[in-house]
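Read the single chain below, which is given as C-alpha cells and is the form predicted alone.
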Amino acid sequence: MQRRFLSSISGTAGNSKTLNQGRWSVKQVKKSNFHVTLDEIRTSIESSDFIALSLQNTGSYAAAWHRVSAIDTPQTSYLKAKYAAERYQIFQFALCPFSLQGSKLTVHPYNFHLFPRDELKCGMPSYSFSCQASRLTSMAREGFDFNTCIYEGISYLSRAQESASKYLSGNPILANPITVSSSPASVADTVFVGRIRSRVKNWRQSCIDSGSKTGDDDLVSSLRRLVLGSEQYGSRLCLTIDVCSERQVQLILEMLTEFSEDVVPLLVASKSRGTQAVRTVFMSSKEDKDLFKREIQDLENKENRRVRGFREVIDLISSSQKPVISQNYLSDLTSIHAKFLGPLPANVDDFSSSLSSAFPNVVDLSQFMKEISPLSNISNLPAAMSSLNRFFAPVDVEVANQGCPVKLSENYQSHGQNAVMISQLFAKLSAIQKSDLSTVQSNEDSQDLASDEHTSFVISKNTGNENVKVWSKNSRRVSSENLVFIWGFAKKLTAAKLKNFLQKSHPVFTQEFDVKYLDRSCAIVVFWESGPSETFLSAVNNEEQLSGSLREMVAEGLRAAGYETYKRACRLGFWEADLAESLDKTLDSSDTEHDSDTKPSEINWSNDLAINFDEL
C-alpha cells in the first residue's frame, strides 16, 4: 500500500516563500548586468552539488501529432524534439545551482533573458525562428517585456559558430601542431615546397644575422628586409606567404616543422572563411616563443569571451561536470545543443554521444517523478508540487543570492521560479524515495543522492536510449509491427464509431483491437496479436481483396500504412499540420534510403492515449 504523510516544506531567507506560493527572489540577468554577474554565477555553480534548469521557448510543437507520445520510438521522439529545437527560439533560460544537505536546500536562482543578434556585424549568425501565438500570449499575460528582451537580451554563439568566427575576427590564428604527411607528394607539391623552403630559409638566416650584426645602419637593414619580403609583427620580424588553397597551407605547415625552434606560423583568414596567407614569425629565444604563444592565446580568449555571450554560462555548467536536473530532458537538451553546442545530429545515438561529452550527467526529473506512484501521471510542476502534500519529507529552502537588480512590472511572473521548483521537487522526491527504501528518515548529505539510488535516472553515455523512452500509466507493451495508421475518412467519426465501422468492414477485426485518434486527420489501429495488421494493410492496398463496407471506405478515400511509413515521415522531415498529409507525402515520395533502425519496436500503449481536441 502507498504510504501517505503530511507535508512539511518551508522556506527561509529574506524574500523566500512557501512551496505552494512559489514566489522566490530570482536574480534577473540581462545584457546590461551579464558580465558583472558572471563571477557570481561561476561561484554559485562551483559551490553547488546540482544544477536545475528550465527553458522558455517561443513554441513547443507546430501540430498536435508533433508532440512526443507513447507510440514514438526513441528515434522518432528525438526527431520531433529536434524539429522543435531548430524551429523555436529560447527567450528565457532559468538556472538554479543548488545544494542539498539533509533537509536543507540552498538555491542560487538566476533568470537569463536571451535574444540572438549579430554582435560581430559580419552576417553570422543570421537568425530566424518561429513563434506560437499562444506561447507569446501566455508570456505577455505573465508580464514578459518583449522590448527589453529584444534590446537587452543576451546574445550568444554556439561552439560551432565560435569556431567559425575565428576566421571573421581578422586576428591571426595560431596554427595547430601538425605532423608530416606520409602520403607521397606530387611534382607540383615538391616544386612549391622547395621554393617556399628556400624563401623561408633565407629570411630566417637574415633574421639571425640582423640580431647579431649591430654595425649596419637603418637603411641597409630596411633594404635587406625589403629584398627578403620581411615585415614586422608587433616588435618581431615576420614573413607573409600567400596561398591559393588549403592544400598549400598544409604543405607550408609541414615544411615549417623543420624550423619549429625559432619560427611560429600564424594563419591569416580570408573573408570566405578560408586561409589567405601563412605568416611566419621569428622568435629570438625559447622564452620569447613561449611568451608569444601566450600573447596570441590571450588575444584569442579575449575575442572569444566577447563573442560567445551567454554561451559562457553553458561552458561553466559543462566544465563543472555537476548533475543537471531537467523536467523535460528531450526538449530542453535538444534546444541547448542546437543553440549553444552545434547542429543537432541526424539520429538519437549520435545526439546522446555528442551531448554526453558536454553534459555527462543529466537527471530526467519526469522519469524520477514516475517512480513515485501518485505522481506517475503528472506532467507539470504546479500539479506535482500540490501532489507532494501527502508525503512528509521536510525541505527547508534558503535563497543564497538575494535581490533582483532589474526592475520588473508588478504582474511579472519570473520564469526563474520554475528552476527553483525543479530543485525543490528533486529534493522532495529524493527524500521520499529514501523514506520508501529505508522506512526511516535519514540525514545524509547530497553525495548519497547522486550515488546508487539515483543511477537509474542519471543519463550518461552508457545508458543508451533510456533517456528518451516514453512512459504511460496502465500501459500495455505492443510491437510497432502491430500498429496501422488510417486516414482519409469520408466523414467525421468519433473513435468509438470508427471502431464500430471497422468491426463490420473485415473479418480481421473480429480479434481484439483498439482505435485512437492522433490528430483530427489520422487514427491509429492497434492489434494485440501479430498477423492481423499485415492482413489489413494487404486488404486495403489490394483491390482484389476488398469487399463490403471496407471497399466503400477505400473508394471514399481511406488509406492505411504501417509504422515504417510514420518513421519515414519523421526522418524525411514531412512535418505537415495534418499527419494524414505527411503520410500521403511519404507514400508518394521517391525516397529509396532505408531506415537504419528497421527492427520492430515495443510501444507503451495506454487507454489514455487520445488527443484532447479542446487543446488544439
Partner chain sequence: MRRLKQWPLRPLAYSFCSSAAEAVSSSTAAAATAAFPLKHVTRSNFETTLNDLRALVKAADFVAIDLEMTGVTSAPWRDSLEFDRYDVRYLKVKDSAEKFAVVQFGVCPFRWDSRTHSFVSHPHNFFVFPRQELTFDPPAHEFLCQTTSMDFLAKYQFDFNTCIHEGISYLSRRQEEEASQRLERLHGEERNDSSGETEDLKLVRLADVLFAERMKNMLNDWRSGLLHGGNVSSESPKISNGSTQSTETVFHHMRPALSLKGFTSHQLRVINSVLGKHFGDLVYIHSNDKNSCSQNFVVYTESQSDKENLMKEAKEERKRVGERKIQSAIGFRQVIDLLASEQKLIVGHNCFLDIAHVYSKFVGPLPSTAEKFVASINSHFPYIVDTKILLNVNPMLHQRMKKSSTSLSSAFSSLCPQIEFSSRSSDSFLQQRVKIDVEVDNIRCSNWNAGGKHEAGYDAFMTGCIFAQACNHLGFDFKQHSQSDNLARNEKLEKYINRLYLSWTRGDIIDLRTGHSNADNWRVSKFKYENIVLIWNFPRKLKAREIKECICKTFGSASVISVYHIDDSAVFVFFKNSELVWDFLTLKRQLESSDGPVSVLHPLSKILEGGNTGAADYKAYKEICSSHISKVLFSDQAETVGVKSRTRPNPQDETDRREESTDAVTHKASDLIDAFLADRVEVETATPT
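This structure is a prediction, so every number in the text was calculated from the model and none was measured. Numbering follows the first chain given and starts at 1.
One more form of this protein, predicted in complex with the partner chain, exists but is not displayed; see below.
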Look up in the model of the complex whether A62 has a non-hydrogen atom within 4.5 angstroms of the partner chain, and give yes or no. yes
Could you tell me if R117 has a non-hydrogen atom within 4.5 Å of the partner chain in the model of the complex? yes
In the model of the complex, is there a heavy atom of the partner chain that lies within 4.5 Å of any heavy atom of T535, even though the partner is absent here? no
Taking heavy atoms only, is S235 within 4.5 angstroms of the partner chain in the model of the complex? no
Counting only non-hydrogen atoms, the one stretch of 148-156, 510-518, 288-296, 338-346 within 4.5 angstroms of the partner chain in the model of the complex is 148-156
Give a yes or no on whether every one of S134, S245 and K497 sits within 4.5 angstroms of the partner chain in the model of the complex by heavy atom. yes
Contact with the partner chain in the model of the complex, heavy atom within 4.5 Å, among H113, H506, R87, H415 goes to R87
Considering F144, F391, Y329, F282, which brings a non-hydrogen atom within 4.5 Å of the partner chain in the model of the complex? F144
